[in-house]
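Quick heads-up: it's one chain on its own, the form predicted alone, in structure tokens.
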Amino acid sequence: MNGNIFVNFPFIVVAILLALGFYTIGFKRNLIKVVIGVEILEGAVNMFIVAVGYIKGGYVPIYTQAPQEAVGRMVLPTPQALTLTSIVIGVAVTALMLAFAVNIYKHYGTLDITRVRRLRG
């Protein structure tokens, strides 16, 4: 149990970040804070994907002259590719959300979700 204390540490951090992101999205009324909550959720999901794909002592799959013991210990490249794709898509989504927030502020003069709902009608 000495070396296995921190085995689940990344998953604990992911759970904390997910809770923080959902709390921010659900209970904050400022649109910028909601965008930050979505970014926290995105970071938690990316961390989860990387943590699932981690192999202790694993070898890089692009290494062409891998030693014989590396045959069964190669790290799958799929989690890293999914994470990179998620980061790129997340940047685009964040830019879109912030553009919406700027337009809402220009139109309504506030970033408070409850005031925007009241002014809409």
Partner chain sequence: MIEHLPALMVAVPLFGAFIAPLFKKHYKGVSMWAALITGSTVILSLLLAKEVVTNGIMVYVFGADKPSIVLPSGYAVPIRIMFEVDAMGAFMAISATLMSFIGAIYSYTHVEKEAGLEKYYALLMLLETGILGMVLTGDLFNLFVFLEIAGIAGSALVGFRNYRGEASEAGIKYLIVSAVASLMVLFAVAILYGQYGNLNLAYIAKNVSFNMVDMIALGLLFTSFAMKCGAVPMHYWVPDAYTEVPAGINPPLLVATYASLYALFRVSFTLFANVVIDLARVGWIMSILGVLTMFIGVTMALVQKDVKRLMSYHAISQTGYMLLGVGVGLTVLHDPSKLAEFGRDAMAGGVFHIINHIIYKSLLLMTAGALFYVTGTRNLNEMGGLARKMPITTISFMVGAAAISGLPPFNGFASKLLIYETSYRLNPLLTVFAMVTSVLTLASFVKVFASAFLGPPLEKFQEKREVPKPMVIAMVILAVLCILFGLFPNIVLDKLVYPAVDALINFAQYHSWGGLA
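None of the values given here were measured: they were computed from a predicted structure. Residue numbers count along the first chain shown, from 1.
The protein also exists as the form predicted together with its partner chain; that form is not presented, and the subsequent description refers to it.
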Query raised in the report: Each of L31, T78 and L82 near its partner chain in the predicted bound form, meaning some heavy atom within 4.5 Å?
Result: yes
Query raised in the report: Could you tell me if F22 has a non-hydrogen atom within 4.5 Å of its partner chain in the predicted bound form?
Result: yes
**Report entry** L18: touches its partner chain in the predicted bound form, heavy atom cutoff 4.5 angstroms
**Finding:** yes
Query raised in the report: Should F48 be counted as a contact of its partner chain in the predicted bound form, where contact means heavy atoms within 4.5 Å?
Result: yes
Query raised in the report: I62: heavy atom within 4.5 Å of its partner chain in the predicted bound form?
Result: no
Query - Any residue of 100 to 114 that, in the predicted bound form, places a heavy atom within 4.5 Å of its partner chain - result: F100, A101, N103, I104, H107, Y108
